[in-house]
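So this first bit is one chain, no partners, the form predicted on its own, shown in structure tokens.
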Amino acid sequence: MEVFSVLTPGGYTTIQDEGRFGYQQMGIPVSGALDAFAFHCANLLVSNTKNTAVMEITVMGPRLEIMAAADLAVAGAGIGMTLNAQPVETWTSFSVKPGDILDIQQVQSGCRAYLAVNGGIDVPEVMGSRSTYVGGNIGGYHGRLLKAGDVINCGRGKRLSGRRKMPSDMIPAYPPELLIRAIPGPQDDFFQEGLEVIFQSDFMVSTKADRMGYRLQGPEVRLHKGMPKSIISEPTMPGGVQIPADEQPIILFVEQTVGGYTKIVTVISVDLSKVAQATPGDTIRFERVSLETAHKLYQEQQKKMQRLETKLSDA
């Protein structure tokens, strides 16, 4: 069913779900929504299942003409939004009808927002996922960013009986100074003073920040004397923090499969959503935690999502 006609596409708008797993050995990255928390919340607000495809909006949103009655929700970055020139709340479901104009504007805090529609965005699955990998022209809407004139379909989903609203105490803030928790390794033994620097310094997000990774600027993170500046290329994962030859950290995201630089620390999974909402000029400080703490925080987040799902389904 045709649900959106794209009037203007926004800054960098793609179709994403949880990601494409099991093909990294072929050079196909995971892709998927960078802010997993906001992605899941947007889907919960319109009663979608967990891995339903949405629009990922970066910095500037699209302008859409509605082509079918549907329930929508936008979660993530603080972003202005109007329906037929009237303000609409984020983190809350709302209904639309044919002929409506939804205008999603520029972010006011954070970087990425997620637009979900009941039934999900319907594009072909490629290797088990609807996520867009623009670098490989794979998945999503013809493997690319959305552009004016595109017509987006949605699947068949049950309409909501009433409005769903995210509890205010569960809506994250997106401050310009971030404390990001990380575990040393896997190549932390290549560093000595460098580990002290990474955990005791402020780093600024540079303009080289995209779905592949965020390059930071700050004090030099030096290898221990005598250690090689690169390693044999090995698989990478989202959250790994590489130290390239210029000794400035790079936080890896979802569109890289291998790398030959040492990785001094790894950002814990529950904090990757925070990093995904950072914009150039924001400040990041790393906090050292143990693997046991990371597991505990992940379990707590899973329980939080289960409670949220129960609360919203009862609404």
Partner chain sequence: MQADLFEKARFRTAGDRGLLVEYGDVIDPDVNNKVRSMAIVMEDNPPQGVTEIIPTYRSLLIIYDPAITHPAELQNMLATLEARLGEIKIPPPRTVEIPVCYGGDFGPDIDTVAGQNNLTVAEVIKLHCEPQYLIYMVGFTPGFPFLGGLSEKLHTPRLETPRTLVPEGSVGIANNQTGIYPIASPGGWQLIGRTPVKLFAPARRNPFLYQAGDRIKFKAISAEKYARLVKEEAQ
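Positions refer to the first chain, counted from 1. Quick caveat, the model's predicted, so the values are computed rather than measured.
Below, we turn to the form predicted together with its partner chain, even though it does not appear here.
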Contact assignment for its partner chain in the predicted bound form, among Ile268, Ala70, Cys41, Ile250, heavy atom within 4.5 Å
Ile268
Using a 4.5 Å heavy atom cut-off, which residue among Pro167, Pro98, Pro235, Gly149 comes into contact with its partner chain in the predicted bound form?
Pro235
Using 4.5 Å between non-hydrogen atoms, is Gly27 touching its partner chain in the predicted bound form?
yes
Evaluate Ile231 for contact with its partner chain in the predicted bound form, applying a 4.5 angstroms cut-off between non-hydrogen atoms, and reply yes or no.
yes
Does Pro184 reach its partner chain in the predicted bound form if we count a contact as any heavy atom within 4.5 Å?
yes
4.5 Å heavy atom contact, Asp189 to its partner chain in the predicted bound form:
yes
Ile198, Phe203 and Met305 each touching its partner chain in the predicted bound form (heavy atom, 4.5 Å):
no
Tell me which of 176-184, 77-85, 104-112, 155-163 has residues with heavy atoms within 4.5 angstroms of its partner chain in the predicted bound form?
176-184
Who in 110-131 is close to its partner chain in the predicted bound form, meaning a heavy atom within 4.5 Å?
Val126, Met127
